[in-house]
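First, one chain by itself: the form predicted alone, in structure tokens.
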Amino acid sequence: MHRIKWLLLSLVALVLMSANAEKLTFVLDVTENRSDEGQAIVAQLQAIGIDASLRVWQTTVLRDEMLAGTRAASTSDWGSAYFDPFDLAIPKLRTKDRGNYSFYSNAAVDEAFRVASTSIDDATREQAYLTAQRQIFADAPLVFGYVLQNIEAASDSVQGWEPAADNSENFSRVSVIGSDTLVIGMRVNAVVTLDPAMYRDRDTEAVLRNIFDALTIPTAEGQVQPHLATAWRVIDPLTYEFDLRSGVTFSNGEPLDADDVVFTFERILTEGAIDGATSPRAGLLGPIDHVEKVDATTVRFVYKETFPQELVLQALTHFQIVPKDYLTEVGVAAFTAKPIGSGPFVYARGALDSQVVLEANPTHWNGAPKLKSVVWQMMPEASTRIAALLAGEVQVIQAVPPDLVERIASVPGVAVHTALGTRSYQIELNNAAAPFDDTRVRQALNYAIDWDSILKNIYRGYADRLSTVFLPSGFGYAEDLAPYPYDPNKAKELLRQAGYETN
């Protein structure tokens, strides 16, 4: 009798809840480059009874709105040149970190991130990342999306080139049949600077990697190899020592030694060291304290707390060494206007917002480049880049939109090339406010979106689903953690549990 009474009361409660339930209502804010995707998502959400609408924003404006906490659901992307979650998942989902636009906070995840970013044992780091992924998946702080492949294209006359996952192409061993000049159509309207201490931008780094050398260098797949540093070793858990390559000179003839390496990192780590300005790059080095000279060909990196060797080596691929004597003599402004490096090419002329022309460095320690010059041409419009490639005006272009791949592939003499993507694409959900402070609602949205259809029809298959924001190319990726499946019935069940009406 009591059980029957309880069932009747439960049924009445469900009826009353349904009668009082309202539809889940929110605006999906998207950036211009994802408006087609946004329209598809809104249609799918509306199909199960969610009252979703779409608003399109400029990228920088929307980011400011997200940081202010005024948006409920917004598209975002977050990239890293590290093949490790240290610079991708951690800033995106650690409590109050710089990329945490969703205001997500979980103490267990924060602790796992701490272990993963400070342990010097790879097995311990990997287990911590696996733990973090499973908790993040369950919490669903975002609508987890996908990773796009890096799509570029080139003339068949270009030899010895392949796109890099992090856009870090180095053209020292590239040649062009029938020409000694390579022209690259860049995806941006300007590079930031020619000072290696004053940028946080991949396209700028692509240019700088050809003027300057770093201690280590990445392969196209992200593996680290010796470059200006020929060997390294662990002195103690906080100290790494590097042997420098002998006989290296900057393009003005100045020898490169330990003083230049220490100077390079001091101007990055010291606040106000660059004519009163502070480098935006220090955070990429992890918990570093200082860099010190041991002798002319040996330097030590000293950390405030333990930092895994793999992260140290990856970080150093992104820091180009500058000449202390030349920069000190001419000053920051003159150095930025006419940079001197030890790389395979020398800056010749140009403007940051039009083109940058480099010429071969015949005295490079690794041999003179095969090309006499490389021209970086600013071409922010994809259609302009493609037209220039097909007309033979450029030989390599960046960032081919997936829907234009077939156009290029159908033309003889040019080809599309792809590399691993290093940027996650997702929908930020404001976890600090209704309706997305409810885990069930966040999970429902993950079930409600048919990503496979979107990736097939909009991105032409040049994208892969993600179970969280961790990338398959990164260390500690949970291969057994499948993405949320498209399950509208499960989505509706979760919404009803959260008190919302569904179709």
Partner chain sequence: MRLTKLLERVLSAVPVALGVAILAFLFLRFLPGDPVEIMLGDTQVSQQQLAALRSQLNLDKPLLTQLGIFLSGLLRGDLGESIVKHAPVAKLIGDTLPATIELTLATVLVGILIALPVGIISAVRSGSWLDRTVLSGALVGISMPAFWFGLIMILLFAVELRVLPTSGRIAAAMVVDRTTGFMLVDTLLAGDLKAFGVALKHLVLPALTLGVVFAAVLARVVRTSMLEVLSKDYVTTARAKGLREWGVILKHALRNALIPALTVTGLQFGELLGGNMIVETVFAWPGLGRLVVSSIFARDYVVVQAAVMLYALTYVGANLVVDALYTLLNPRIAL
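Note that this is a predicted model, so its numbers are computed, not measured. Numbering follows the first chain given and starts at 1. Each form is matched to the other, and the largest set of C-alpha atoms that superpose within 1.5 Å is called the rigid core.
Although not depicted, the form predicted in complex with its partner chain is the subject of the following passage.
Participant: Only one of 364-372, 135-143, 71-79, 427-435 has heavy atoms within 4.5 Å of its partner chain in the model of the complex; I'd like to know which.
Facilitator: Among the listed stretches, the partner-contacting one is 71-79.
Participant: Just checking whether R267 would be counted as a contact of its partner chain in the model of the complex - the rule being heavy atoms within 4.5 angstroms.
Facilitator: Result no; R267 lies far from its partner chain in the model of the complex.
Participant: If you check in the model of the complex, is A123 within 4.5 Å of its partner chain, heavy atoms only?
Facilitator: Outside the cut-off, so no.
Participant: Contact with its partner chain in the model of the complex for A231, defined as at least one heavy atom pair within 4.5 Å: yes or no?
Facilitator: A231 lies outside the contact set for its partner chain.
Participant: Is the gap between T384 and its partner chain in the model of the complex 4.5 Å or less for some heavy atom pair?
Facilitator: Yes, contact at 4.5 Å.
Participant: I need to confirm a contact call. Of G276, G413, G253, G178, which residue comes within 4.5 Å of its partner chain in the model of the complex, counting heavy atoms only?
Facilitator: By the 4.5 Å heavy-atom cutoff, the listed residue in contact is G276.
Participant: Between V302, A282, V294, A409, only one gets a heavy atom within 4.5 angstroms of its partner chain in the model of the complex; which residue is that?
Facilitator: Looking at the other structure, the residue within range turns out to be A282.
Participant: Looking in the model of the complex, is its partner chain within 4.5 Å of a heavy atom from each of D29, G461 and D487?
Facilitator: Judged in the model of the complex, none of D29, G461 and D487 sits within 4.5 Å of its partner chain.
Participant: Only counting heavy atoms and a 4.5 Å limit, does any residue of 178-201 reach its partner chain in the model of the complex, and if so which ones?
Facilitator: V183, N189, A190, V192, M198, R200 sit within 4.5 Å of the partner.
Participant: Core superposed first: is there a CA shift of 2 Å or greater at I458 between the shown form and the other one?
Facilitator: It does not, since the I458 C-alpha is displaced less than 2 Å between the shown form and the other one after the core fit.
Participant: Can a Cα shift of no less than 2 Å be assigned to F83 between the shown form and the other one, given superposition on the rigid core?
Facilitator: No; that C-alpha moves by less than 2 Å between the shown form and the other one.
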